[in-house]
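Shown here is one chain on its own, the form predicted alone, set out as structure tokens.
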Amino acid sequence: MAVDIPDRLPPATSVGVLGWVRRNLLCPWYNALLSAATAFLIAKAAAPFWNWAVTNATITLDPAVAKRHTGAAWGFIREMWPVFMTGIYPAEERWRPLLALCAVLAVAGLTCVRRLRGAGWLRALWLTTPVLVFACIRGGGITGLPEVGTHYWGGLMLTLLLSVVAMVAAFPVSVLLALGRTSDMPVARPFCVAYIELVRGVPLITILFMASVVLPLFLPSDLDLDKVLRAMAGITMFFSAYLAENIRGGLQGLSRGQYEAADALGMGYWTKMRVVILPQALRIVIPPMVNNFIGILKDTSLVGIVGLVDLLQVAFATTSNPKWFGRLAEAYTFIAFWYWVLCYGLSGCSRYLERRIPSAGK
């Protein structure tokens, strides 16, 4: 005879949010004490910022009214946010960087669709997207758009352009450098070692100065290399050396059996690296590579030394306006928010790739 057994759910304090809090913050007893002390310190540290940023803040566009309050004047950000986004890019043409950003996000969205990832047209679209973005922002030529020189580029737009170009360009260079350094070629190996050690031995500021001042001396006199392109070349050259060491660590982290198995199958050098070795090595070094990508993003703030107006330099330019003179705290808070969003987004991409790409031996 069947007996009805009532469904018994676990206690509410063992599952869900309450269960997580109990397991991680309250048990055992010393965790509860540490959690309470940490919460107290966070509250004491965050209270002044909350009073400044929220309680006593204003959003008025009238600086005279904002001065009568002790909090943040977010009206400064309301009025100046287009300058933070695109620098001194002409106001009537600001739709072009926005259109370029939407195009990149659309292509990235298509890539997230699993059944479209292997499509040839999507790969071709990724190859043509940088050209289309540059043509849209720069204009001129066959585009029919007014030409906007790179000396008008700035703000978050310039920071993203420098970062993305450096990431994309430095990756293949770093792979070749890592392969050359781990090879037995009598010419390639010493050259790669010398390049990596030389570039890693000098600060990025020196590389930027060399790219901006020294590099034109080695070019033909009739060739005028754009200042933004010089900065892109310097950042790419600098971080390719660091990425090469990360990838070399991944190559050395693989067991010798992987190389021997590829050799036993009769694979050539490049086929072995492309099919067997590099996919596994790159998976191993995803965290340090993304850490370097985050470093690229943050170190683009140094381009202000060579005369480029990136997101950080916009803060000095906008707060020099007599109307909002001295509002550096609001500017730095706004800039810090965008840097946090971008860096946290890169970290999230790193975690996603680690989950989706299987490691060696799985």
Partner chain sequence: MLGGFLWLAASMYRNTLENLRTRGIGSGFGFLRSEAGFRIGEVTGLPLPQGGFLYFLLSLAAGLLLSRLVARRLAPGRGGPLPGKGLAACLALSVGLPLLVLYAFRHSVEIVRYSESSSYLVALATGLANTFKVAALGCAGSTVLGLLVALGRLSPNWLLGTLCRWYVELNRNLPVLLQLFFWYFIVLRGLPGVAQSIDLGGWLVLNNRGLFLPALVPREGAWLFCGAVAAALCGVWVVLRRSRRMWEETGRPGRRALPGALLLLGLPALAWLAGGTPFSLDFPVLQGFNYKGGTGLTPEFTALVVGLTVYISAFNAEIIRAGIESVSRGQREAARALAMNERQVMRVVILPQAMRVIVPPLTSEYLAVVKNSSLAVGIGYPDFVSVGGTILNQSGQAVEIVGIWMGVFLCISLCISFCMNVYNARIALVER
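Residue numbers count along the first chain shown, from 1. Predicted model only: the values in this text are computed from it and were never measured. In this text, the rigid core denotes the largest set of C-alpha atoms whose superposition between the two forms falls within 1.5 Å.
What follows is about the form predicted in complex with its partner chain, which we do not show.
Judged by heavy atoms within 4.5 Å of its partner chain in the predicted complex, the contact stretch among the candidates 194 to 202, 85 to 93, 130 to 138, 67 to 75 is 194 to 202. Across the proposed site, 31, 213 and 328 without exception bring a heavy atom within 4.5 Å of its partner chain in the predicted complex. Its partner chain is not shown here, and in the predicted complex it never comes within 4.5 Å of any heavy atom of residue 269. Proximity of residue 316 to its partner chain in the predicted complex: non-hydrogen atoms within 4.5 Å are present. Among residues of the shown chain, residue 298 is one whose heavy atoms approach its partner chain to within 4.5 Å in the predicted complex. Contact annotation: residue 206 falls within 4.5 Å of its partner chain in the predicted complex, judged by heavy atom distances. The single contact residue among 53, 46, 39, 59, judged by any heavy atom lying within 4.5 Å of its partner chain in the predicted complex, is 39. Superposition of the core reveals a Cα shift of 2 Å or more for residue 25 between this form and the one not shown. Core-superposed comparison between this form and the one not shown: CA of residue 95 displaced by less than 2 Å.
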